[in-house]
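For reference, the chain that follows is the form predicted on its own, supplied as structure tokens.
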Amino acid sequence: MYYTEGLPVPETPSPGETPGPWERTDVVGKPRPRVDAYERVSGTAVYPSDIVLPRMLYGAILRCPHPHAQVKKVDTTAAEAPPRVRAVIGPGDPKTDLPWSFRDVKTTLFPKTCRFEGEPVAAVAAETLYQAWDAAGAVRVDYKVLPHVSDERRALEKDAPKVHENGNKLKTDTYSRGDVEKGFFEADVVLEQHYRTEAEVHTPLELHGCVANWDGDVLTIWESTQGVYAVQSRVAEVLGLPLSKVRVIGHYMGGGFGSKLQTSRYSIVAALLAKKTGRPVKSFLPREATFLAMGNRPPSNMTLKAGVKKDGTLTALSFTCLGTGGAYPAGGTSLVDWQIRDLYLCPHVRTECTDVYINAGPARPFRAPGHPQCSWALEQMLDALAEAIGMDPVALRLKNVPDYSQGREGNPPYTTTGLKQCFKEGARRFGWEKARRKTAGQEKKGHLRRGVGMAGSVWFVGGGGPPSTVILKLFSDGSANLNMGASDIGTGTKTVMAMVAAEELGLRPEMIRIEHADTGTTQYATPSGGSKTVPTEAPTVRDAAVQVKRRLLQMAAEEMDLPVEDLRYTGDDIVSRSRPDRRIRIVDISGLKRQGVVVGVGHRGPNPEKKTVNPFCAQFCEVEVNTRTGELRILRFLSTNESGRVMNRLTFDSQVIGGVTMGIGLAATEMRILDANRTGKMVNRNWHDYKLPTSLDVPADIVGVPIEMPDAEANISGAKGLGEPVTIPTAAAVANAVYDAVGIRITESPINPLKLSSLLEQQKKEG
């Protein structure tokens, strides 16, 4: 018997009634270790890259070494010769002439024209990984190297090489409200500035890849992915298979951050090689290939003109952006203007974003796509406006906090908006006023200068939404099984869902077994990304738990010969409201014993109509700049987040630390470097030359402060997204702190010693 004493539980709503918000919680909101913590730290967790199957082969993909080239001829004779090479596929192979699309651009698996360095040309399967790579290296390719353009700022020049026949301009998106010129006329101060953020490259710890195996006409793929059902759908579409014949499993994933939201060519390659050889094939990319082909946060070139009155009222914002998603349509300017549209009250706004092609790898969603770039511009501009009118930066922002979405049609109100509380509580906890006075009065003769900065943000989603289905089974011994299709991408999703079920049913989380992320055995779920997983899946799990409780109450009513309305579920027992002496233990209900299990099927309800669900954030930091060397040290960081109900305080803090760390990468260390003038190739495609922030680059003191406002309108769990908003304002807060320290407004990322020392030297000469 596994049943243990339960916990207090909320009231069970009547059939057809929507559960109200939890008034108090005993499990949800507490700091709880992950349900799979032992597996993760002990090495017993099986990631897709750990999969080894009997008779498994290894795949290797030969990639184009040029940013732009025609494939004239592919000779696989030498590659096929070694006895342990089992298959080679390339252009012209009938099984590779499959439609493969980067959104609306159709191409083949191995295109005849390669438009970025790293585009696939051929693939090999062999007995060992080294043999596969040797064979791939033996493929002889005759390329006609074509002119390339590797800098989006040159892509629209008259003599720029064309990435596609119809030119390099993909599209221009515009948005406007009010009369911007009128807004500037009404302003007391108008400032204009150009900003740029460099491209950041996806480089998760677990490489991109999969294992593919055929059993007759059924294909099984173990993939490092953020959404198994998305992979199933795409693979089935490309290979012309029914969904029922494709099973995708992804129980663990070693980092994705958006780069594993979509299916990649390696999945199709592995499936084709496995079909051709009749054996399982494992195909994981080498690190260099992930830098070239597995996505990036696109570079953004932004010009922002802003007007403000002396009392801090924003009057107008005019924003233009030039960006690129690489060689194919990939959202190069997607969402870059959203902070401008929606974060601060402003009646007159105009944005124009132009997306162009260049010969570089395609972009992919990258933790809050578009928003950090825009924040880099907007939040530095807000600080500049505050200085121009002699106003505190926090006070200026507080003056312009909206309670409705300005960027959406109809201006729907927010279900909850804690942005003001984020600013106020963040300033108080950080000691903003005292820190500002201290940096203002620091001795200017010293070479170590300290500064403080802050910034705010909104994430344009975060409320989740349908569809989602969860099956929850309560067994006769009081333990439970939770079956869901969502992936746990390292954020603790499984733990949160176990906590939700435990809260509603009065169980301890360790009594609940989780089944997830397997299209063959678990329920449908959309990919885990966009900070929508918890607010999508948590209310679904709660709904399933409520269904279980309702069924148990019906069983108990029949056995106790009492009306259901008179009974109350306590977690341990079901008790009569009118006669508290009449009760029955859950595990003693004869219906449960007879059936062996009670099943609840939960679904995600719709989002509220004519309302907007968004999370908010404000961040504060202190930095130290060495004016002799240009070195930047980030001393402390504080992030206040209004993300609805905190589901697990431990994973809340982990998300804050991770988001700030990634934001510091944008601010101070990360940039893709393309040899634009000569070869067009990426020159820092390894962890040595591509500077990811390490423990030496981030402060030990990163504090997360929840502004807890359970959002009952958003969903029945009260949660909103957290993962994205915590990375949006980080880089801008650092830049504002650097300005406070040394008086230099750094408008192009990253703020590295080379750049900062050069600007400090220029400042010294000028002043």
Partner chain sequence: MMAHFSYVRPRSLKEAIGHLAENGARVHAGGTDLLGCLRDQVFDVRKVVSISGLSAMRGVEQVAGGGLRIGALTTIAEISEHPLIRKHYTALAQGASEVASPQLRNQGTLGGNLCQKPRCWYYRGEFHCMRKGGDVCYAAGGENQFHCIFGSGGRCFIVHPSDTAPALSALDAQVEITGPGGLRTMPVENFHVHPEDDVLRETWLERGEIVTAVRLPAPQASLKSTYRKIRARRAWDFALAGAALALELDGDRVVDGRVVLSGAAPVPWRSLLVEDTIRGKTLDDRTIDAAADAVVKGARPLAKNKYKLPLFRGMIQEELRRIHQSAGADG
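Positions refer to the first chain, counted from 1. In this text, all values refer to a predicted model and were calculated from it rather than measured experimentally.
One more form of this protein, predicted in complex with its partner chain, exists but is not displayed; see below.
To verify the annotation, which of these, 642, 622, 383, 117, has a non-hydrogen atom within 4.5 Å of its partner chain in the predicted complex? Spelling it out, the residue with a heavy atom inside the cut-off is 117.
Given that its partner chain is left out here, which of 447, 579, 438, 144 has a heavy atom within 4.5 Å of it in the predicted complex? Selected option: 447.
If you check in the predicted complex, is residue 467 within 4.5 Å of its partner chain, heavy atoms only? Residue 467: no contact with its partner chain in the predicted complex.
Quick one: is residue 404 in contact with its partner chain in the predicted complex, heavy atoms, 4.5 Å cut-off? Output for residue 404 is no: heavy atoms all beyond 4.5 Å of its partner chain.
Can you work out whether residue 345 and its partner chain are in contact in the predicted complex, taking contact to mean some heavy atom pair no more than 4.5 Å apart? Residue 345 lies outside the contact set for its partner chain.
Answer with yes or no whether residue 676 is in contact with its partner chain in the predicted complex, where contact means some heavy atom within 4.5 Å. Residue 676: yes, in contact with its partner chain in the predicted complex.
Want to guess which of 284-292, 395-403, 643-651, 528-536 is within 4.5 Å of its partner chain in the predicted complex, heavy atoms only? Selected range: 284-292.
At 4.5 angstroms, heavy atoms only, are 130, 683 and 689 all close to its partner chain in the predicted complex? So, yes: the whole triplet contacts its partner chain.
Can you list, in sequence order, the residues from 539-559 that come within 4.5 Å of its partner chain in the predicted complex, counting heavy atoms only? Sequence-ordered list is empty.
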